[in-house]
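In the form predicted on its own, a lone chain appears below as structure tokens.
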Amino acid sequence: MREKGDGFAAAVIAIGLLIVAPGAAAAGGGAAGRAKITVTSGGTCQGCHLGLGDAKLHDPAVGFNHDVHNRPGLGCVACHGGDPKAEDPEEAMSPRRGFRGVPKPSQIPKLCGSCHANSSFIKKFAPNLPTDQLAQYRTSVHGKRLAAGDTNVATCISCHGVHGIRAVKDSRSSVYPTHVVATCAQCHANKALMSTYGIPSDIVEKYKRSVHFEALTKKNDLSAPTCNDCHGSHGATPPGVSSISNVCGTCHVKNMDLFRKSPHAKAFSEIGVGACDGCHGHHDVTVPDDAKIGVGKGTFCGRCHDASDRGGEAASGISAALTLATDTVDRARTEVQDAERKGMLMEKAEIKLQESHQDLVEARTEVHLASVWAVTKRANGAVAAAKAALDAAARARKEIRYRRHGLLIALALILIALVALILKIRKIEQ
């Protein structure tokens, strides 16, 4: 507890700030001059704290000006209690007036839930905001460990922040899709902390090498999965082997349907291997390519099959079909683009290239069915469309040669005519 003189001085500063600039903290020397802050729901609490030199006491007042709770007028008292109208700090922070101070980690979920789990209250401010977050959190690994007395686990403020909390859809929020991995990394990339739970701390680094992270951060594809898309948000729990496939299947629906019809579905289940992660892995999911199909070194199929067994023969057949289709489509695309650079209109050929690309994509999807016939059927469609584009490119090359020959003949005739004209002029002059 501060001395009464200090409390009186702080109160004077606070009142002075409010008198000099009602609704705003005055810019000037010392801590109060760090930022121009609109004092709204924070009231006397915010005005007083802006005048303090200690960053731990000053900075929260600065951050709260942009807090999502500040907009509807939920001030400091909503979390800390006390009397924001009292000019004497000791009175404002008196337990008799309900002052709670800084809540302990174990108290955070219940404190946040006092509003966020109260449907009749929260609907006044955000009608579409879910009110089951607290119930979900209590079912999570974090919630269960906190209830057991472990205060090192994540609570509401670990992810959302404390003062200066942004709306989830705000791109500056710590829980915005592109920031989620960094937020989770605060704990899950901490080797010392994770070692106490027997959890690997390289998960974040693995995810950053994945195709999902690349799509999210480089292509700005906000639909690409990040931590909470697979593990959940408030009810976060590490998915087991059986549930990983269900998580993947929510996005990769067709791939999952095909796999369930394949001979691998039963075999993977019997040996306890996940449908998706058995081949693609967990966090470090890389771009799948045709080189992974077959029985050679570094292939998915080669982990279980060799060239002599039935599965290996199927893998080799699928690989051959995809290789033929890919090579044909690539060659057709090169020929068509070359014709276009030389000035030929190749609209019909472009349509065939699009058809071949679509068939090739579907052929690669059919791989999950593990059927040579299904993959070959789609691959043959890609080859047929690509050959049609190649034929169009061949006709274009023939037309180019014809035009070039015609141009040469025309130039030769013009040259002969010029020579004849020159000779005729000379004859006339003579």
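Here, rigid core means the biggest group of C-alpha atoms that superpose within 1.5 Å across both forms. What you see is a predicted model, and the numbers here were worked out from it, not measured in a lab. Heads up: residue numbers just count along the shown sequence, starting at 1.
Below, we turn to the form predicted in complex with a small molecule, even though it does not appear here.
Asks: Mark Gln358 yes when one of its heavy atoms lies within 4.5 Å of a heavy atom of the small molecule in the predicted bound form, and no otherwise.
Replies: No, Gln358 stays farther than 4.5 Å from the small molecule in the predicted bound form.
Asks: How about Ala148: is it within 4.5 Å of the small molecule in the predicted bound form, going by heavy atoms?
Replies: Ala148 lies outside the contact set for the small molecule.
Asks: With the cut-off set at 4.5 Å between non-hydrogen atoms, does Ile351 touch the small molecule in the predicted bound form?
Replies: Although the small molecule is absent here, Ile351 would stay clear of it in the predicted bound form, with no heavy atoms inside 4.5 Å.
Asks: Flag Asp290 as yes or no: does it have a non-hydrogen atom within 4.5 angstroms of any non-hydrogen atom of the small molecule in the predicted bound form?
Replies: Heavy-atom contact with the small molecule at 4.5 Å: present for Asp290.
Asks: All three of Gly296, Lys377 and Ala393 touching the small molecule in the predicted bound form at 4.5 Å, heavy atom to heavy atom?
Replies: Not a single residue of the candidate spot has a heavy atom within 4.5 Å of the small molecule in the predicted bound form.
Asks: Does the distance between the two CA positions of Gln133 reach 2 Å or more between the shown form and the other one, the core being superposed?
Replies: Not so; Gln133 is displaced by less than 2 Å.
Asks: Checking Thr323 here: with the core superposed, does its CA move 2 Å or more between the shown form and the other one?
Replies: Moves: yes, 2 Å or greater.
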